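Let's start with one chain on its own, the form predicted alone, as structure tokens.
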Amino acid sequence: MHFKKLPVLKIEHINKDYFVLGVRDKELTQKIKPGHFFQVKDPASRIPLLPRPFSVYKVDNDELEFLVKIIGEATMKLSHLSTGQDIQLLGPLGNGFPLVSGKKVLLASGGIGFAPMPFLEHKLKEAGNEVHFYHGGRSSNDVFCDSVENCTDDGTFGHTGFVTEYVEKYLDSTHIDIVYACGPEPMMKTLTIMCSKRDIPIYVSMERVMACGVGACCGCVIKIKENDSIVYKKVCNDGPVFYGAEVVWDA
């Protein structure tokens, strides 16, 4: 696997903190599964030297998109790209979400953890699942669409309060077969505890700073329960999706 240079097809600024970056490549889109990610960088810039990992946000025929939050120099430089300028991508990487069919499914995300969910939701519905989707953010700035159950800490959009509060009420009122989550670790830890109490399987997509994205640098390890032991797994290569009950939550 090697970096592929592609022209930017789309740059769409959602607000001052988030934008969508799109490219077109038929060979790549045929390989992508929900939960996969790419290492992305601006080849015209030497700073920062290392690429950054971004989950696949949407796939439509031969087009793929990333939802990006501007949090540092690398993402700021990407946000300033224009259509036609080149970016470098390495991927698809990771193991993605295990898919089910004919089930009642709950999706839960927080902040930029929304990024892998629309593609996952599309594939789950395509497989005949009934999908309910909760998303939480600090404010309306962290809300990306109004077709899901949005929750904001400050009440500026949707329900007021943490997404976990509303997911818990929903789990108490509705039968759910499986939960998928991506977002802040305290949120996913709380969701895992809720699901464990109700014997509902949950899969979580973990975030870590990655240098290589292919398992060589070991900079993204997390602790996982395996049999009667605690082992270290690489988020880039063994994940980013893990069975929630097997994660040793430090948050």
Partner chain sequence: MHKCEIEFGKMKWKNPVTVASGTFGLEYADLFDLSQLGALTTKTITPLPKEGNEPQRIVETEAGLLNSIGLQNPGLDEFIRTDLPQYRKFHTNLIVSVSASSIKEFINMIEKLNVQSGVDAYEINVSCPNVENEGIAFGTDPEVVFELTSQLRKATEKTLIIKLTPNVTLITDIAVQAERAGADGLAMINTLYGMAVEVRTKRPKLHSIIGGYSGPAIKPIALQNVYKVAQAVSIPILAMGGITNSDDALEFIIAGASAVAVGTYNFVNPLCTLEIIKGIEDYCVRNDMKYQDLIGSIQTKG
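Please read these numbers as outputs of a predicted model, since none were measured by experiment. Positions refer to the first chain, counted from 1.
Absent from the display: the form predicted in complex with its partner chain. The rest refers to it.
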{"query": "Stretch in contact, per heavy atom within 4.5 angstroms of its partner chain in the predicted bound form, of 51-59, 64-72, 178-186, 195-203", "finding": "51-59"}
{"query": "Non-hydrogen atom contact residue 33 with its partner chain in the predicted bound form at 4.5 angstroms", "finding": "no"}
{"query": "Contact test in the predicted bound form: residue 225 vs its partner chain, heavy atoms, 4.5 Å", "finding": "no"}
{"query": "Contact flag, residue 249 vs its partner chain in the predicted bound form, heavy atom cut 4.5 Å", "finding": "no"}
{"query": "Contact flag, residue 88 vs its partner chain in the predicted bound form, heavy atom cut 4.5 Å", "finding": "yes"}
{"query": "Heavy atom distance at most 4.5 Å to its partner chain in the predicted bound form, all of 6, 76 and 84", "finding": "no"}
{"query": "Heavy atom within 4.5 Å of its partner chain in the predicted bound form - qualifying residues of 194-225", "finding": "209, 210, 211, 212, 214, 215, 216, 217, 218, 219, 221, 223"}
